[in-house]
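Next up: just one chain, as structure tokens, the form predicted on its own.
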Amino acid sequence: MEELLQAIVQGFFVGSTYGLLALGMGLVYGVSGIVNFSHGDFVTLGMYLCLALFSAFALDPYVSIIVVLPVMTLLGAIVYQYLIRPIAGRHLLMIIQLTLGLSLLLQNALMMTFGGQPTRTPSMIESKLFIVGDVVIRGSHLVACISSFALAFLLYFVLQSTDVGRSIRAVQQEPRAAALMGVDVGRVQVMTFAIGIGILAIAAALLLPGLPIQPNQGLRLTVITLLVFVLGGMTNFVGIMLGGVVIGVAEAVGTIYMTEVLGQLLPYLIFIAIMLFRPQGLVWRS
């Protein structure tokens, strides 16, 4: 029971960050209808930018957010404006091919720059432990969980209560009507994609402490994000965060109680089971 409780708590904390990753995907999909298959590679890029700042200036990953966030947000705006936007209204297969090409480009660029060996980035709270009863909580997991839910709430507040958020929701619901009401649809789409990539920069710094990273891990992160994204109903914030927790707990439980292969398969088996019985996702969509 102690091991099970430990696995559930650890899975909850890590899963909240998976939810944050999927929120970035859901935000972009809701506005532009694009599923970014290089999603995980942008997360990996954020991690390696944090590593570079640590190597050059001894900046902790949490401090590196100050630099990595604006850099990746700007990069997201450039990628959408000059690569994705010209083909955004065309065949879906073209978008898939483009984002997969971006994935390969980022992987190879990181491999040529940093090498292919796994590496780690230390953090000031990596070794901090909090003991609550029989449960041991890593400081980095606690920070990631609190930050992820706080950012999810902040994003929800912005979308519901600000002019920028109302413009994003208008484009999400009906782009043509939004354009007739004076909303610059193209600008909103560029801004939303940039925000989505900026969210990945924050998630990268939250996941990084104590985690071995390598250039080819992007595909795994993309797949996990897609699982959470679909489980949560694609645009439902509550469902996406809940989906992240489900996948995180399944991953942690599988690692402890199953063989290596079955443990890695458990999140996918749970995903398939949920989709069979609740194809609309974990939360009813309005």
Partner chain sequence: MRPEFFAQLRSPVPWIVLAVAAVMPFVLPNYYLHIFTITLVYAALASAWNIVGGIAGQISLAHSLFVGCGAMLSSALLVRYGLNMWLGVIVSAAAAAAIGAMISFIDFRFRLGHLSFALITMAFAEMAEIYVTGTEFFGGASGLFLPKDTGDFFAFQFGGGRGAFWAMLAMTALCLLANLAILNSPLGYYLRSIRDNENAAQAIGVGLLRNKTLAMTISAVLTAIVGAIYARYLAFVDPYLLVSPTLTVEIILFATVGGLGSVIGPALGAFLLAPLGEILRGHFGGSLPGLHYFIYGAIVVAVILVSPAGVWPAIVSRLAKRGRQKA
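Only a predicted model underlies this, so the values are computations on that prediction, with no experimental measurement involved. Residue numbers count along the first chain shown, from 1.
The following text describes the form predicted in complex with the partner chain, which does not appear among the structures shown.
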Sole residue of Val164, Ala179, Ala109, Ile146 within 4.5 Å of the partner chain in the predicted bound form, by heavy atom:
Ala109
Selected contact from Phe54, Tyr48, Phe37, Tyr62, since only one has a non-hydrogen atom within 4.5 angstroms of the partner chain in the predicted bound form
Phe37
Taking heavy atoms and a 4.5 Å cut-off, does Tyr82 contact the partner chain in the predicted bound form?
yes
Would Tyr268 count as a contact of the partner chain in the predicted bound form, using a 4.5 angstroms cut-off between non-hydrogen atoms?
yes
Does Thr119 reach the partner chain in the predicted bound form, with heavy atoms at most 4.5 Å apart?
no
In the predicted bound form, does Arg187 come within 4.5 Å of the partner chain, counting heavy atoms only?
no
So in the predicted bound form, are Ile8, Phe157 and Gln160 all sitting within 4.5 Å of the partner chain, heavy atoms only?
no
Assert contact_stretch over 96-104, 199-207, 147-155, 166-174 against the partner chain in the predicted bound form, heavy atom within 4.5 Å, equals 96-104
At a 4.5 angstroms cut-off on non-hydrogen atoms, which residues of 65-95 are near the partner chain in the predicted bound form? List them in order.
Tyr82, Leu83, Pro86, Ile87, Arg90, His91, Leu92, Leu93, Met94
